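Shown below, as structure tokens, is a lone chain in the form predicted on its own; questions about how it binds or moves come after it.
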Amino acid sequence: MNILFASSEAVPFSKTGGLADVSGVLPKEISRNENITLILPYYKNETSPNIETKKIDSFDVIINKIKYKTEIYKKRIDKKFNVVLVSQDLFFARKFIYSDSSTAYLDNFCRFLLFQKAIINFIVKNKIRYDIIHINDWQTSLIPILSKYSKNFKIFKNSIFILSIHNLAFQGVFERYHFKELDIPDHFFSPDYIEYYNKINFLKAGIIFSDSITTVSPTYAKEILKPEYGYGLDGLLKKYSLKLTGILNGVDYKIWDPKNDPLIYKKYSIETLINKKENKIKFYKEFNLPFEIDSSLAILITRLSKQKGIELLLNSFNKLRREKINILILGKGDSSYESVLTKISKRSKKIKFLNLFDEQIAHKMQAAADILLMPSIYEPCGLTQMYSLKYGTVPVVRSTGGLEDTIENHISKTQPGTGFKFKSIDSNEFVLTIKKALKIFQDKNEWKRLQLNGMSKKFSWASSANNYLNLYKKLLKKEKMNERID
């Protein structure tokens, strides 16, 4: 197979969230078996890594009759894995990827239309035939329909288009007047195609024109068919549900494993779990935290948004004030949540807030903590809870999306599970679940069993990659059968 994997971000080149983790690791795993090219925008700012690349192409991308000089760079990772970068400094040489500190860039329509048109131009100009073109989220969702109206559409005739939805809440919705810039027939601006309440919806186009749709967990694939999770596209997704599959994300254990983690104070494993406590002691000392060592430490490492259940958290503080629990939050996001948490942190000795995101601190927190809190309203997959399992940090999560798929609920000593789950979007149920965890925390033997259960779980990218490869092969086989029927 020859595979193209298109994404708007990927580690180590660029990152704002989980999409980057998936796009950075999944193609690498797939390359163990098949040829794959990862294609990304070439972002250039003070945080961008220095990349040794070779310029391999240049051409104009035309949007609304304006020519934008675009250059293509390539980095060879290994024999079967290449990274291709789309460079256009007017659009991609900026401080942030999608937005400034508060609002989305006003020209995001043009930025990611150029990215997608450049991908198609590159394929057509170089006559590259891809068996699979795997697109991700709204920033690449126009590729299937744009390919049908490219100069040499025949080169895409045998390509299978797969769309992965990482978070349905983000759809790429833009004003109607941009439609002419897509260079596709007028009839596609209709409710049957890419029109969405008299606007253009990139993700809707991807759902309709892709051959297959995946989400990042099996439960999320079911949830998005319901109005409460569908963000206005649940009806459309029901229509195309036969081509919808949920494949769970994996964890890069080369980075997230306390046995080998260079960022934590004291390495440990299932066999040396006793060393975990030293991480807690040294973390408190480094960050001058007034917490009692013997009280439980619960952490949140999160983007501060309504989706992440921050309101449930805020409503739980008073109900937990008499419990032997300290809470530490690491994150950035909604300014109103940042403001409230900052005020609480200043006046409380048991709740502290670090208003930043730092990967090294995140590792140290996972190693130091006893409990991870993830009260998400919805969570397509979630990686933090999988990291916490490996670090012997017991998750308390809401039963949604990937949290439902990855955490086994503690029922009793005979059914210890790997964490604690609650269902309702309700702070009282959240608090009751935390209190249940705190009660078990007092029984050191039972708590250790919970930790060891979690640490023994494996959510490897090799397994996820194998599931994607099986899907690719199934779709290609189906396509070949259809060709024979024709």
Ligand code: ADP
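Quick caveat, the model's predicted, so the values are computed rather than measured. Numbering starts at 1 and follows the sequence shown.
Although not depicted, the form predicted in complex with adenosine-5'-diphosphate (ADP) is the subject of the following passage.
> Please determine, with the chain shown alone, which of 230 to 238, 90 to 98, 382 to 390, 203 to 211 has non-hydrogen atoms within 4.5 Å of adenosine-5'-diphosphate (ADP) in the model of the complex.
Heavy-atom contact with the partner occurs in 382 to 390.
> Of the options L248, A221, L330, V173, which one has a non-hydrogen atom that comes within 4.5 Å of adenosine-5'-diphosphate (ADP) in the model of the complex?
Selected option: L330.
> So which of Q307, N275, N315, N82 reaches within 4.5 angstroms of adenosine-5'-diphosphate (ADP) in the model of the complex, heavy atom to heavy atom?
Spelling it out, the residue with a heavy atom inside the cut-off is Q307.
> Though only this chain appears here, would I301 touch adenosine-5'-diphosphate (ADP) in the model of the complex if you measure heavy atom gaps against 4.5 Å?
Looking in the model of the complex, residue contacts with adenosine-5'-diphosphate (ADP) include I301, since a heavy atom lies within 4.5 Å.
> Can any non-hydrogen atom of G17 be found within 4.5 angstroms of adenosine-5'-diphosphate (ADP) in the model of the complex?
Output for G17 is yes: heavy atoms within 4.5 Å of adenosine-5'-diphosphate (ADP).
> Within a 4.5 Å heavy atom cut-off, is W256 in contact with adenosine-5'-diphosphate (ADP) in the model of the complex?
Yes, W256 sits close enough to adenosine-5'-diphosphate (ADP) in the model of the complex that at least one of its heavy atoms falls within 4.5 Å.
> Would Y193 show up as a contact with adenosine-5'-diphosphate (ADP) in the model of the complex if we use heavy atoms at 4.5 Å?
Y193: no, not in contact with adenosine-5'-diphosphate (ADP) in the model of the complex.
> For the heavy atom contacts within 4.5 Å of adenosine-5'-diphosphate (ADP) in the model of the complex, list the residues of 350 to 389 involved, in sequence order.
Contacts from 350 to 389: L356, F357, D358, E359, A362, M374, E379, G382, L383, T384, Y387.
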